[in-house]
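What follows is one chain in structure tokens, specifically the form predicted alone.
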């Protein structure tokens, strides 16, 4: 059978199996085993256990559970609420300081936790009721937090970037740096839209300021400064040549646990057990998907599907930006239905040869891919962040949350366009800190 036709059959079969409700990892293993058995025979299955466990034999994978523990220990405390209160007190003199505080808190909490749902939940529990109480439109209140939560997979440390680095054998440190400027660019775009939509609502009093004393401003800092110092310490250790990403993640996880215990009195063994239990569950899920995706990639390569698709696209006489537009549409649609980790692991083996052959920087592409995944987090039918916001603010309808999030999708699309026009937004910082990639 022609490999391209076979590839289409594999794609349709994978979609159908994943839509059946089977977990992503089990679905990938089922598809891989089925097609290898049919087209390569029983003997081809002998290598599957070796590939499955061999994919996990990577020292860099240790950073995933460590960063997840780091995020879980923060998310289990009042760190998000304290961060929100601190920014509100310090930014209150800015016009629209409350919505800016919420988005700033989302950005900083995302950097600490690396989790989009955790960011939505932590900041939304405080920010949404406060914005609604002061008269902000429900769409702005819910949409800004839903969109701000997506920053968790872009601003480092990002588990998604780690997964991309492992899948494509790219430098994780370089990927982290690549997400910094685009991440804060997105925050700026979100703030601009939030202020405009608030102003357009006609309630000018929302843009007025509220004063806090210097005592009120400084008394909140001891609760949040230690976490911010951990972020700076992690970045310094990683880029100062002190430690590898995995070693840095382990130290960061330990320090976050210690601070959560000292500052927030997280002494109860039951609370600590919840942190470790949830971190283990999420880590195992991600690692299982990585292992299953390794088998899936082997199946695609063994049946010459990956090579045939890359060769076919290489023969197309199209502008490379037309090709990039098509890739973005594919990623956007995939992100509507699948979690970011699954999309990256499934698509990277196919897309990376195409992207590099077209002359695109794989580090730059990682940022574009991640922003596409961010769009999926606030877009139906999956739209995980939409459901998180609906869970913490059930009085706001899912339709209102969705409509409030759509303008932020436009901000993300604009960010992708700016990255295409000015690739240096993503590549300048990694090149400046780590040198130009060869």
Partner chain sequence: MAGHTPSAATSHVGNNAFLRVVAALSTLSGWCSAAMIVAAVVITCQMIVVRFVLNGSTVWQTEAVIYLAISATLIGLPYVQRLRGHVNVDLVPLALPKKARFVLCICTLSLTIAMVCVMLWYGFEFWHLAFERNWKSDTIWGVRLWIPYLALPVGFALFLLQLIADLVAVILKIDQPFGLEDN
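This is a predicted model, so every value here is computed, not measured. Residue numbers count along the first chain shown, from 1. Here, rigid core means the biggest group of C-alpha atoms that superpose within 1.5 Å across both forms.
The form predicted together with its partner chain is left out here; the points below concern that form.
- Partner contacts here mean any heavy atom within 4.5 Å of its partner chain in the model of the complex, and among 350-358, 276-284, 184-192, 130-138 they occur only in 276-284.
- The single contact residue among 264, 337, 90, 199, judged by any heavy atom lying within 4.5 Å of its partner chain in the model of the complex, is 337.
- Only one of 312, 236, 321, 214 lies close to its partner chain in the model of the complex, with a heavy atom inside 4.5 Å, and it is 236.
- Contact between residue 29 and its partner chain in the model of the complex is found at the 4.5 Å heavy atom cutoff.
- Using a 4.5 angstroms limit between non-hydrogen atoms, residue 412 is distant from its partner chain in the model of the complex.
- In the model of the complex, residue 402 stays away from its partner chain, with no heavy atom inside 4.5 Å.
- Among residues of the shown chain, residue 288 is one whose heavy atoms approach its partner chain to within 4.5 Å in the model of the complex.
- Here the marked residues 24, 58 and 247 all reach its partner chain in the model of the complex, each with a heavy atom within 4.5 angstroms.
- Contacts between stretch 124-160 and its partner chain, counted in the model of the complex as any heavy atom lying within 4.5 Å, involve no residue at all.
- After superposition on the rigid core, the Cα of residue 369 moves by less than 2 Å between this form and the one not shown.
- Relative to the superposed core, residue 121 undergoes a C-alpha shift of no less than 2 Å between this form and the one not shown.
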